[in-house]
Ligand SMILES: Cc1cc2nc3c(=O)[nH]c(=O)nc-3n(C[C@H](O)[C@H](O)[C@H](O)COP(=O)(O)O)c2cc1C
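One chain comes next, on its own, written out as structure tokens in the form predicted alone.
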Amino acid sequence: MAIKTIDPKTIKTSELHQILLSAVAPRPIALASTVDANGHVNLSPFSFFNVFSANPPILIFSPARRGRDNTTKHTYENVKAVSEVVINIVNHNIVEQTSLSSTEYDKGINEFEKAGFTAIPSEVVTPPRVAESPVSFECTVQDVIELGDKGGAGNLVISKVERIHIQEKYLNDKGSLDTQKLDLVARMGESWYCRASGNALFEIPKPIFNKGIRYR
């Protein structure tokens, strides 16, 4: 079996970045709404994102430093100035608009308007929610952990969930989120996405209540 082995220190950051994005996938997308100190709204998607705790409820995403020029993103600058964020979940219905919102507009440009999203007021934080998102999490930013000071370095935005908003059409008859109705999408490498629906979905019962047998 042929194996290609790479020392990360021996390749360009851009090449390493593409390997990581292609191999560590699919990745859920956080469509993050923030505001700056002057109240200007920003909306941008991040696929370095996941949930890390239920008690307390913690979501973490990472607006990394740009590899080409080592500049920081408006989202990172905003959460440092105003410690709040709304993390809107992305499904297939809004994936193209989400991609459009990733355009690097000048500071102060409202991506809600550029991407055709509807901004609706949040209950306990300043940034607005995306009305079209199936699930939105109003969060307070507990900490921002900077992983480095060079291009490509991540900035972990540790966000505590304060409110959850769910469009009821994505619930099943038991009142729970329905995976098939959600029709979520995720990022892969390069320009690829993954759609969690249809034949792409399958179930494996967890061996929690019954001990699993040996695979072989």
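Sequential numbering from 1, following the sequence displayed. Just so you know, these numbers come straight off a predicted model, no measurement behind them.
Form predicted together with the named molecule: not shown, discussed below.
This chain is displayed without the named molecule, yet in the model of the complex the stretch 38-46 from 38-46, 52-60, 174-182, 161-169 comes within 4.5 Å of it by heavy atoms. Screening E113, E104, E146, D143 for any heavy atom within 4.5 Å of the named molecule in the model of the complex leaves a single hit, E104. Taking non-hydrogen atoms only, T75 approaches the named molecule to within 4.5 angstroms in the model of the complex. Using a 4.5 angstroms limit between non-hydrogen atoms, A64 touches the named molecule in the model of the complex. Using a 4.5 angstroms limit between non-hydrogen atoms, N93 is distant from the named molecule in the model of the complex. At a distance threshold of 4.5 angstroms between non-hydrogen atoms, S99 is in contact with the named molecule in the model of the complex. Annotation for 1-36: the only interface residue with the named molecule in the model of the complex is I29 [heavy atom within 4.5 Å].
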